[in-house]
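So this first bit is one chain, no partners, the form predicted on its own, shown in C-alpha cells.
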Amino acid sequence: MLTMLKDIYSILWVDLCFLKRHWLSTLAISLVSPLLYLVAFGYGLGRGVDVGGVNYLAFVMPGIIALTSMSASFTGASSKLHVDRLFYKSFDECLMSPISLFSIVIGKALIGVVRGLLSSVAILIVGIILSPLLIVSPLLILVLIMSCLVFALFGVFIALVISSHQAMSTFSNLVILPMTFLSGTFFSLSQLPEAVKVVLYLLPLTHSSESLRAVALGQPFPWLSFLALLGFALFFFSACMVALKRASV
C-alpha cells in the first residue's frame, strides 16, 4: 500500500512541479470562460428571472461551478499527458518504469483533480460573494471532488487514445463544447421532453450540475445522480486501464 502511494506521488509530483511554476496563468486561463458565462447569463440574460422560485444568478452559479470542474479537470489531466505522449514521447518512460498501471492512471488523474478544485473553489468564492444564498457544506465539497475526478479520468482516457493534436481539438468541439450547454448548466431540465432528458442524463456534466445545484440551494439531494457520477468514475478508470495495457504491450 505504501509503495503504491509512493508510486502515485512520483507520477503526480512531475505535474505538480509544472503547475507550481505556472499556477497563476493556469488559474487565469481556466477562469476566463466561467466568468464570461457568469456575466453573460447571470447578469445579462438572467437579470430579473426566477427559476423554481430561486433567482437566476443563484440557480446558474452551481452550474457554472460544475462546468468549471469539467473544463479545468479535463484539460488539466489531458493536455500535458497528450503532449508528453505524442510530442515529447516522455510518457513512454512511465510505461517502462516499475510502476503499476493503476498508479499511473491515478497519478495522472490527480493533477486534473487538483487543477479542477483550484479553479472550482475560486469560482465558488466568487459565487458566495455574489449570491449569499449558496450553501457550502462538506457534501458540496465531496460532490465537487467527485466531479473533478470523473472529468480528470475522462481526460486521461481521451489523452491515451487520441492519435493527434487535431483529433483532440475535434473531440473538444464535438463532445466537450456541446456538453457545456446541454447539461442543465444554464437551464432547468424539468421542462424538456422526456426523450431529450433521457439523452442528457447520459452526460456526466448533467449529474454534476444537478448534484451541486441541489446541495448549494438546499434542495433534496439527487443520490441517483451522485451514484451516476461514481459509475462514470469507475467506467473511465476501467477504460484508462484498458488503454494503458494496450499501450504498454
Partner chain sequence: MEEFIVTENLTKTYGTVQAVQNLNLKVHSGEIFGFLGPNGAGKTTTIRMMTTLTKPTSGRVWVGGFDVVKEADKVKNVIGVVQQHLSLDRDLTVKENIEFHGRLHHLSASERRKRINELLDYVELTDCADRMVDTLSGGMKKRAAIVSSLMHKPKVLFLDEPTVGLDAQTRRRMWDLLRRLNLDGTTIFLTTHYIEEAEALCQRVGIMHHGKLIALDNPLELRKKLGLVTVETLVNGKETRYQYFADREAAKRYVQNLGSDAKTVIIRDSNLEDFFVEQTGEKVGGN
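Residue numbers count along the first chain shown, from 1. From a predicted model like this one, the values you see are computed outputs, not experimental measurements.
The discussion below concerns the form predicted together with the partner chain, not included here.
- The closest non-hydrogen atom of residue 88 lies within 4.5 Å of the partner chain in the predicted bound form.
- Contact check for residue 170: every heavy atom lies farther than 4.5 Å from the partner chain in the predicted bound form.
- Taking the partner from elsewhere, residue 238 is found to have every heavy atom lying beyond 4.5 Å of the partner chain in the predicted bound form.
- The partner chain in the predicted bound form is not approached by residue 129, whose heavy atoms all lie more than 4.5 angstroms from it.
- With the partner omitted here, the stretch from 144 to 152, 174 to 182, 157 to 165, 95 to 103 that lies within 4.5 Å of the partner chain by heavy atoms in the predicted bound form is 95 to 103.
- For the partner-free chain shown, 3, 7, 9, 10, 11, 13, 14, 17, 18, 21 of 1 to 39 come within 4.5 angstroms of the partner chain in the predicted bound form, judged by any non-hydrogen atom.
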